[in-house]
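Single chain ahead, written as structure tokens, the form predicted alone.
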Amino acid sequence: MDLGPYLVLATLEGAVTAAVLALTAVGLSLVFGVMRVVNIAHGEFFMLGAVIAWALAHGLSGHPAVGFAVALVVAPLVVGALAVAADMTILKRLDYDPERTIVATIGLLYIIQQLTLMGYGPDARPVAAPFNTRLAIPWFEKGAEGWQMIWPWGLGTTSYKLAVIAAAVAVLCAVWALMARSRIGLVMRATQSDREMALAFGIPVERVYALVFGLGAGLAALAAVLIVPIQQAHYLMGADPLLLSFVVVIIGGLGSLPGTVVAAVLIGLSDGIISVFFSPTLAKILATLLVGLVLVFRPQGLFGKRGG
């Protein structure tokens, strides 16, 4: 059989990775862009979203779609509220100092992780997808009678994976509309540009920071809810999303939302294709190499603005 169907399959798997990674990385980029805070606990907010989704899916009776639909709404709100509380009780008291907030979010990482281990346990637990119809991947081959559509046996994707991609695109468009077309977005951008000037114009900067920190955590939690039916909920699952999000943000440009989305697509697609044809380890090595090249030849990232 031709290589084509396998390439299509790898691209679809990479698109799912890119969709979830874009949501997670946009949350991280938003926090850094507006607050200038490097949130090391971002991966744990991702993990909390998956764990809450598992708890709701197993705590609510009925069709799996019921618990999943509730988790899509509740998990981002709960995680976002926890992030707002963390901002007001920890980061605000540190006056958002870059060095001290890094140490504080490292501490927050371990607190969330250990509390989850105590309450949730060390096991990885699955969450049923709300729908999961198997879809074959069609391909065209030229035979004696001309081009014919074939359906390679054993190669396909699921309706849920396609829904994850569509949902991520919809949420990213909503975030763009929020930032570019709404009054809240205007306030966020004003705060990002010049904090002191924003204060002079009466903008409640600390409230804006709390909102942004909660929004970033909520996006990570939403990404986790979307991916947990494909993966499994585990108290250590935040490490890879955090690492890949940093890779994406560095490549795209610190604080650049368009750059973050483009970099997430590049990393996600390459990760999916390389993982299918070679190994996931090689995909991570190449992503790390790409970060090194970007830092050497374009330190501000693909879409970032050069300082000074």
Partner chain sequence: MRVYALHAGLIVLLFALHFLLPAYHHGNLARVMVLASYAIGYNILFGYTGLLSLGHALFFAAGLYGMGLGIQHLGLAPAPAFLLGLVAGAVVSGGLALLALRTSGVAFMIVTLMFAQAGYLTLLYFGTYTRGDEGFVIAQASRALWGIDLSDPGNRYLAALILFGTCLLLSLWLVRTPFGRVLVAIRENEERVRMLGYDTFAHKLAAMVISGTIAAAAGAGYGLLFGYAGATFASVQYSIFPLLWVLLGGAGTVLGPFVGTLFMFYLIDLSSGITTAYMLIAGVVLVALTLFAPQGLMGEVRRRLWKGLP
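Positions refer to the first chain, counted from 1. Predicted model only: the values in this text are computed from it and were never measured.
Same protein, other form: the form predicted together with its partner chain, not shown, and the subject of what follows.
Contact with its partner chain in the predicted complex holds for none of T157, I165 and A167, as no heavy atom of theirs lies within 4.5 Å.
Interface membership of I106, defined by any non-hydrogen atom within 4.5 Å of its partner chain in the predicted complex, is confirmed. Of the heavy atoms in F131, none are within 4.5 Å of its partner chain in the predicted complex.
When its partner chain is considered in the predicted complex, L82 lies well away from it, no heavy atom lying within 4.5 Å.
When its partner chain is considered in the predicted complex, V265 lies well away from it, no heavy atom lying within 4.5 Å.
A heavy atom within 4.5 Å of its partner chain in the predicted complex is found for exactly one of L94, V73, L135, A177: L94. Shown alone, this chain has one stretch from 257 to 265, 277 to 285, 64 to 72, 41 to 49 that lies within 4.5 Å of its partner chain in the predicted complex by heavy atoms: 277 to 285. Of all the residues from 90 to 117, those having a non-hydrogen atom no more than 4.5 Å from its partner chain in the predicted complex are I90, R93, L94, P98, E99, R100, I102, V103, A104, I106, G107, L108, Y110, I111, Q114, L115, L117.
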